[in-house]
Structure formats: C-alpha cells, structure tokens
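As structure tokens, one chain now follows by itself in the form predicted on its own.
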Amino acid sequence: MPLTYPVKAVVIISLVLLAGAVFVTLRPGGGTQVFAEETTVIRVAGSTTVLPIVSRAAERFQARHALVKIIVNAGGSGVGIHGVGTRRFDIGLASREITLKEKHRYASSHLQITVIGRDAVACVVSSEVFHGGVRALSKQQIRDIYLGNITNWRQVGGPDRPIIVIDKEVHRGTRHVFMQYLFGKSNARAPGARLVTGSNNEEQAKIAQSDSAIGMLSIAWINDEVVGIGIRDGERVIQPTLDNVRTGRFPIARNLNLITAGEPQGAVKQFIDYLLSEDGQKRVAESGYIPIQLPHTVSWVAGSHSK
C-alpha cells in the first residue's frame, strides 16, 4: 500500500532533523505538526589519563541533559591541545601543561586551561622484577636505563634478566612529564627503549605481559602486575602514593587539565562546571586521582621546572 501524505511527511522530516530531537503529533483530520529541539554535541579528545574522569562524568551529565551529546575520544595530550587549537574539538584533555610553542602556534584560539584534578607519573616495572628485588630506583638509575647505560636488572639489584625499556609516543602527556623530570627536557630521546606505546592501557598491558619491563604510567594505572616503584632520594625512598602526591613529597606530580578555545560557553561551560562541582569531583576520585578541592593540594607541576 502506498504511504499516505502524513506518513511521508514524518519520514522526510525525521531524516532532515536526524541530529536533533524530533517530536511529531498527528492533527485531527490527518495533518501533522512537528516540533524539533537541536541536540548540542560536545567533542572531546586527548589524554588517556584524563579520559576515565571525563567519560564517567559525561555519562552522568547526559543523563541529566537529554539534549546534550558528549563524544569522548583518546589520542594523547598533544592531540587534545592541537584539536582545540584547530577548533576540531570543543574540549581537549591534557595531563601536562601547554608548551610555549603550542601557545604561539594556537595564539588565535586563546587556549584556556581548567584544572580538574591532580595525578602523578610513576616509574613502573613488571611484577616479576619488583618481586625479584627492584623496589626502588634513583633518578640517575632510571635515566641510565632509558639512555641504555644500564641494560640488565642485576645491575640494580634485580634478577639476571635483560631490561625491556618501554617508551611512549612523543605527544603523550605522561611522557612529557616523566622526561621533564628525568632529563629537564620533555622531548628527550630514550635510546635505551625497545618498544614505544601509546595509551596508558596499551603500556599497562605490555608491561603486564612481560617479566622484565620498565615504563611510565599514571599512578591510577598501577596494579598487581604493573607495580609502581619508589624513587630513591639519598637515604629516603618516596613511594608513588596519592598521599605523597597530596603533600608534595612525590617529585613527579601534575595537573589534569581541560583545554578550551577561549572561555567556555554554553553547554561546554555547563559540563566543565559540573566537573568542578562536588558530584563531578567524585568522578575524579573514583577514577583514582586527587580532587582539586582537597586541602594541601600540591601546586608544583612537573614540566615547569628543570630539576
């Protein structure tokens, strides 16, 4: 049977307004009346460290705002900053600070930072290495491993096993902060590395699958198979714990940032305000990071110092 006029009208209008919410009522006598509300899409991408927080928050925010759609993707801090700078994304996720070069490159976009939490980067090893005796390393020892000067775990008190050094892609915020701490240079080369990974999830899996690996991860990604080791500083050893980050003792701490082009407006501002609210900050804590409202939040950011 051919479609009647009212049904045809509904089909056509539904296709045209696919990106919005469409409401159709049938009038007495067969006519139609259409009401449409546009759906606002917020495009978010960047750091895989910040991503779990924003993903959790997006679910709760969308449940309360039916006409807002938040699309969250990974890619790394550099991707998030570049995406906002070129207006491809509404919010960039960054687990490091914006570099001077990026500020100049995207000057016309007036990049703005909103801090939503705190984190630290831990030097991590395969559980077999940890249980084999490597519980802490000095900054110099970690440097020498990444430079290729130390190549076997027995050289630092561990098992007689070659070290598998895992690096990260250069645009990753975790690498930026880790290398800044080790070498005073965020883009320092790591000639000792045998493998380069991308996301935290990917690096975590590679280290867990190995029995002799070392790498760098947000402390929220530490588990029984990928163990964070202490940083030896003279006679003391500083463990990668949230408490040591809160008090400023752990030396590789950082802010977790949202990047926008200028001051956030409209639905983007509403979402960022939610992340800064009490409920939004609970998403920070449940993701394994430190909410910014807590007292004694450390202000030192790895990447802004050379020592």
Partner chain sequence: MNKQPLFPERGPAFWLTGLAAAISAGTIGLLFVSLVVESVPVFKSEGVSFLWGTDWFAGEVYGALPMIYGSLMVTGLAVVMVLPFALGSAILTSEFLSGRVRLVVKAAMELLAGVPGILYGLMGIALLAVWVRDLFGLIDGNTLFTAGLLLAVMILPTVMTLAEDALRAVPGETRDTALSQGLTRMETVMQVVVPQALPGLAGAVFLGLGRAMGETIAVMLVIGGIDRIPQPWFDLFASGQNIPSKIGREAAEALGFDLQWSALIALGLVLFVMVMTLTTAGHFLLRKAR
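What you see is a predicted model, and the numbers here were worked out from it, not measured in a lab. Residue numbers count along the first chain shown, from 1.
Although it is not shown, the form predicted in complex with the partner chain is what the next lines describe.
Annotated contact segment (heavy atom within 4.5 Å of the partner chain in the predicted complex): 99-107, selected among 137-145, 233-241, 219-227, 99-107. In the predicted complex, none of the heavy atoms of G184 sits within 4.5 Å of a heavy atom of the partner chain. Proximity of A190 to the partner chain in the predicted complex falls within the 4.5 Å heavy atom cutoff.
The partner chain in the predicted complex is approached by R194, whose closest heavy atom lies within 4.5 angstroms of it. Taking non-hydrogen atoms only, N149 never approaches the partner chain to within 4.5 angstroms in the predicted complex. For the residues N73, Q112, Q155, T86, the 4.5 Å heavy atom test against the partner chain in the predicted complex is passed only by T86. Along 159-174, these residues reach a heavy atom to within 4.5 Å of the partner chain in the predicted complex: P162, I164, E169, V170, H171.
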